[in-house]
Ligand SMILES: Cc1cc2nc3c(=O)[nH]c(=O)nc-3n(C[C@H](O)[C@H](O)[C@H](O)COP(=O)(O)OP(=O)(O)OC[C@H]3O[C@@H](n4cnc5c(N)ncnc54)[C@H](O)[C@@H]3O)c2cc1C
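Taking the form predicted on its own, here's one chain by itself in structure tokens.
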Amino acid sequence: MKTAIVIGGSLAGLAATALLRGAGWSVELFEKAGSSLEGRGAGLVTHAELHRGLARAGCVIEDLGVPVPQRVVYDRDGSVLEQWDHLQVFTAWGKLYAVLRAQVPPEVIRGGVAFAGFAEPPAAGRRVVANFSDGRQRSADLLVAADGLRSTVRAALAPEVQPEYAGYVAWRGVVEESLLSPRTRAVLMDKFAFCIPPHEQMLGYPVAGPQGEVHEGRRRYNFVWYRPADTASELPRLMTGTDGKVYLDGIAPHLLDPKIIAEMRADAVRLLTTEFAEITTATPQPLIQPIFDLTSPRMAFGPVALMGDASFVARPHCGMGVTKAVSDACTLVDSLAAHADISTALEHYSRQRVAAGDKVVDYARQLGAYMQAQVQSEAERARAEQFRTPHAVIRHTAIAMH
């Protein structure tokens, strides 16, 4: 039986583990966090491609999320600028994690153990040998790096590949449906809604409740508010924690300065609809996320494959992050089945998924160009104008790519 090591126990790593096991591989999954990741994350957009991948992994996808039949763009005064009937299912990160986690037996997972480097450089025709933080060493036919934006595996193999800050941040949060006023529930809870202040974008949609509930009264509302933040002054100011340290890569919610949160909520009252302002106020613990682009020229290094956010990170406007990760896992398994030699299989996988990743990242850059603190070129300026209008925003955000 062929053996695989998967690094990273989030959605991408769970999908890879489930699919590899389904294809007859023996898999060990290493996750540096010592506890379950189920409580992490916020809202997610689903696509048909994601549903197909989950089904392949053996997941039960009935009631995966909340069906939302309509998209609406509101002006600041609450009037409707644009609307479009487009049915889509939205879910919560925790719900999807639970669905995938159920496909991976507990004995496969090594929690609280971080990847610590390769014992020898990975090379075609050789087994990969990995070291771990607890002193153990593992040898396998294949290693899959699903360890996210700051991948330690990618850093060891391609240190020149680095995330690039996009010039804006996203305020995010989820709030219990029951905490919202009747008016706000009536206006927002059955819609994928937008509000577009100059050079900004607020959006929101209903997602599954804390225990995966999708019925009325037990759901939550997820918001994402994109705002420009230049690297010279605004980004460091926003990312300075209550401990005085600056976290440019991302700050833990509990370290957010309460004054920064209060400022965001005051801006919501000034710039957004009454209902969206209520959402930001009612959310008990908002978080802030710097937006990054990441592209990798290759996703295969001998018997090592990069996947998910370890290889490509697109701005969230496409809503393709999890879909892309699960599709990576499906293509990886298909490539391994089609080629007896693992390195040849991974080169085939890399060619397909690099092309797909480049496409998603480029399109997401186009959608987000008008929110950047600084437009870099005439081409970006043209993109910004193309996707600034309510009509464009409502018809291109979180739409499946083909």
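Note that the coordinates shown come from a computational prediction; the quantities given were computed from them, not determined experimentally. One-based numbering along the sequence shown.
Although it is not shown, the form predicted together with this ligand is what the next lines describe.
At a distance threshold of 4.5 angstroms between non-hydrogen atoms, Ala114 is in contact with this ligand in the predicted complex.
Not displayed here, this ligand is approached by Ala12 to within 4.5 Å at the level of heavy atoms in the predicted complex. Within 4.5 Å of any heavy atom of this ligand in the predicted complex lies no heavy atom of Ile5. The shortest heavy atom separation between Trp93 and this ligand in the predicted complex is within 4.5 Å. Here the chain stands by itself, but in the predicted complex one stretch of 82 to 90, 306 to 314, 162 to 170, 207 to 215, 306 to 314, has heavy atoms within 4.5 Å of this ligand. The candidate spot formed by Leu44, Val322 and Ala325 is fully in contact with this ligand in the predicted complex: every one of the three has a heavy atom within 4.5 Å. This chain is drawn without this ligand; in the predicted complex, the residue among Lys359, Arg365, Arg351, Lys32 with a heavy atom within 4.5 Å of it is Lys32. Thr152 is the sole member of Thr283, Ser296, Thr240, Thr152 with a non-hydrogen atom within 4.5 Å of this ligand in the predicted complex.
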